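We begin with a single chain expressed as structure tokens, specifically the form predicted alone.
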Amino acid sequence: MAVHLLRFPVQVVFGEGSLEEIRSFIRSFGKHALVVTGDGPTASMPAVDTLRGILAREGISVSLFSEVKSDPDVETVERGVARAREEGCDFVIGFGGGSPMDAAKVIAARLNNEGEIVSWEGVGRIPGRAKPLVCIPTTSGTGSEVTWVAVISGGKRGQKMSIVSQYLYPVLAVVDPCLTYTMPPEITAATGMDALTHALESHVSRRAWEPTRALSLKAAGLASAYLERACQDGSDTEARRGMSLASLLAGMAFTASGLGLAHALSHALGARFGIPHGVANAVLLPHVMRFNLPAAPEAYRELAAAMGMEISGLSSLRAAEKAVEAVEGLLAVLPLPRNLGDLGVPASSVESLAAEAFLNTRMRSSNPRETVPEDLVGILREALG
């Protein structure tokens, strides 16, 4: 019998207005916070001033580090570390999407640990505990607020590297759906498809088991029910709440079960061509699913049912194919590119992209179907359109 591990040390506060509840948890973290945000609109969100006010009322001063771009690199993280040390910060708050939260994770770890960040690539290579970390998502996609993973550019091959460690878990995650209301439709769609990809890949993972499957099925159902609505009307409170919960649950699921080929390929595409992570996942997902169907028909059948597809009376494989149809139907109504060709990916890059993705052994080993480089080449060619 397989041996499984389920670790979840994060306190989660969820719900509309939950940002205000942070004061009940942070008093023991210290007197000076480094708030890490993106370098775009996130830093000027009114919620940043609201957060400052909440912290000020608790006697906590704030240093704002708003230099994080999409796919943060080692140099940006080190600048954040220098800023925190210079100003005597006691703890770190990641505020924004996946990039600011991932950068905040590694900053918090680096503040308590010496050595080069690139040496932490892989699993369990951070030597010791991080500074206290709080994550506050303003998108519904990455689930980084509850994971032990941070993705930083600048690894051994100059590409994206995954740092996986128990010391990257936040102490506290504050998931307030109100913070997602201002996301434009394109970002809502891309981040939402990231959450759905997390749910689907974690459910069919070789490391999936009963608790993670329960989380991933619920997340898949929520995302398929609410993503289109959230894109059509950003003020749809039910849809925004559903997507925030989908992202949270999918993050909890894949932290324990792992991901698969869609993520391995999207990391390579993001590093090479700067394609946003959620957009790459959206384009790749149905092609990866079709490749995996023969290896996990029952798991895909369960996903089809969770996403509202009628599967009664169908064979196992035909019912599984309904999961792919559900994803394709959703993509057809979202404001996203349809294929890699639309994203400017040249056919000449397919072999090198496949070779880069194949080196991601952690995600490849979680994928339900055994894979060789030629399989990845085939998936990419299908996704070119």
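Numbering starts at 1 and runs along the sequence shown. As the structure is a computational prediction, the values presented were derived from the model and not from experiment.
Keep in mind that the form predicted in complex with a small molecule is not shown, yet the notes after this line are about it.
Interface residue among Ser165, Ser224, Ser257, Thr138 relative to the small molecule in the predicted complex, by the heavy atom within 4.5 Å criterion: Thr138. Listed residues Gly94, Gly98, Pro170, Gly80 were compared with the small molecule in the predicted complex; Gly98 is the one with a heavy atom within 4.5 Å. Candidate site formed by Ala214, Ala246 and Pro286: none of these residues places a non-hydrogen atom within 4.5 angstroms of the small molecule in the predicted complex.
Among residues of the shown chain, Ala150 is one whose heavy atoms approach the small molecule to within 4.5 Å in the predicted complex.
Heavy atoms of Thr142 reach within 4.5 Å of the small molecule in the predicted complex, making it an interface residue. Residue contact check for Glu302: none of its heavy atoms lie within 4.5 Å of the small molecule in the predicted complex.
Mapping the unseen interface onto this chain, Ser63 falls outside it, with no heavy atom inside 4.5 Å of the small molecule in the predicted complex. Only one segment in the set 338 to 346, 66 to 74, 312 to 320, 23 to 31 has any non-hydrogen atom within 4.5 angstroms of the small molecule in the predicted complex, and it is 66 to 74.
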